[in-house]
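In the form predicted on its own, a lone chain appears below as structure tokens.
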Amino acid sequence: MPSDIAVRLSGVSKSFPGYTAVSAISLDVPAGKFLSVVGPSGCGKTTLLNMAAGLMPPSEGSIEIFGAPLSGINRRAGYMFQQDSLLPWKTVRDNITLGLQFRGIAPNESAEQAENWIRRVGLDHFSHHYPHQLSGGMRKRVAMAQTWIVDPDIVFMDEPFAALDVHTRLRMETEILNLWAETSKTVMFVTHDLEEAIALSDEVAVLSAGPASRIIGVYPVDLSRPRNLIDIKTDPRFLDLYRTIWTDLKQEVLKSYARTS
């Protein structure tokens, strides 16, 4: 029977020589939901994502993906990194088809799927361009298509829009919500930006200051969908949620400042 929990972290800790990044983390990400993880800089958000993606094993605890123990790379997931992983010598279309090629999909079928995704992310006239010929926002669109074209059940996103200007970022956030609404994927999204987390998510998980970060709260976001990201920050309920979550997050940010000053 399929599990209704896409990602389950049970008592997960990760230690490096002389340093514990996260400690005793237990977190469920329901299938088809959009969950964001926020916390002070250096609190282990990316470490948590990397363990769920199978890029590194936990030092303690266990991880289940749709009810099955995770061992090695999470084959049911795609990962959109903070820095895009586009190959500079390949065109937009060829970068988008990389994942399909690794899965042994025939070239003609890969090309057909790539053209569909190129149209979907609004790059119709740029399929033969190279990454250096694209703006930052366009490169992110290629990275989105590259991640979603392989049809993962889970999409991990590590601050994918942090380097973009505010207007491009808003546009990319809207694109992600549209893709997520169309495909019902499970999304686990890491961000420093609490406003972004609330605007996009069904739930927001807050990590404490490091070292040995832990989860201090998971907050449901009961804003209606679909969401108009241009106006959502003036919604009274959005402001209530922001104040509630920031009250707890602020204490951890202050602890982080104190430890690094």
Partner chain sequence: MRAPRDRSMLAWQLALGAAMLAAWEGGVRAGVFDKFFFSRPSDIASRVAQLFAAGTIWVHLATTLIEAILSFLIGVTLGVAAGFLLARRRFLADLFDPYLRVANSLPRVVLAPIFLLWFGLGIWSKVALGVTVVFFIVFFNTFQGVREVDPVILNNARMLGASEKQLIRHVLIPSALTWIFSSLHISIGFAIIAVVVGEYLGAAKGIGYMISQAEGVFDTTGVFAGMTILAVVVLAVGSLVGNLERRLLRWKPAHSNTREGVS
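Superpose the two forms; the largest set of C-alphas matching within 1.5 Å is the rigid core. Residue numbers count along the first chain shown, from 1. In this text, all values refer to a predicted model and were calculated from it rather than measured experimentally.
One more form of this protein, predicted together with its partner chain, exists but is not displayed; see below.
- 126 to 134, 170 to 178, 185 to 193, 109 to 117: which one contacts its partner chain in the predicted complex at 4.5 Å, heavy atom to heavy atom? Single hit among the candidates: 126 to 134.
- Query: Quick one: in the predicted complex, does every one of 53, 79 and 88 get a heavy atom within 4.5 Å of its partner chain?
  - Reply: Looking in the predicted complex, the three residues 53, 79 and 88 all sit within 4.5 Å of its partner chain (heavy atoms).
- Consider residue 163 of the chain shown here, and say whether it contacts its partner chain in the predicted complex, taking contact as heavy atoms within 4.5 Å. Residue 163 lies outside the contact set for its partner chain.
- Task: Report whether the minimum heavy atom distance between residue 159 and its partner chain in the predicted complex is within 4.5 Å.
- Result: No, residue 159 stays farther than 4.5 Å from its partner chain in the predicted complex.
- Message: Taking any heavy atom pair closer than or equal to 4.5 Å as contact, tell me whether residue 138 reaches its partner chain in the predicted complex.
- Response: Although its partner chain is absent here, residue 138 would stay clear of it in the predicted complex, with no heavy atoms inside 4.5 Å.
- Query: Quick one: is residue 153 in contact with its partner chain in the predicted complex, heavy atoms, 4.5 Å cut-off?
  - Reply: Outside the cut-off, so no.
- Query: Just checking, between the shown form and the other one and with the core aligned, does residue 134 shift 2 Å or more at the CA?
  - Reply: Yes, shifts by 2 Å or more.
- Quick one: core overlaid, is residue 155 moving 2 Å or more at the Cα between the shown form and the other one? Comparing forms between the shown form and the other one, the residue 155 CA shifts below 2 Å.
- Say whether the C-alpha atoms of residue 183 and residue 84 sit closer together or farther apart in the predicted complex than in the form shown here, given that their separation changes by 3 Å or more. Those two alpha carbons end up farther apart in the predicted complex.
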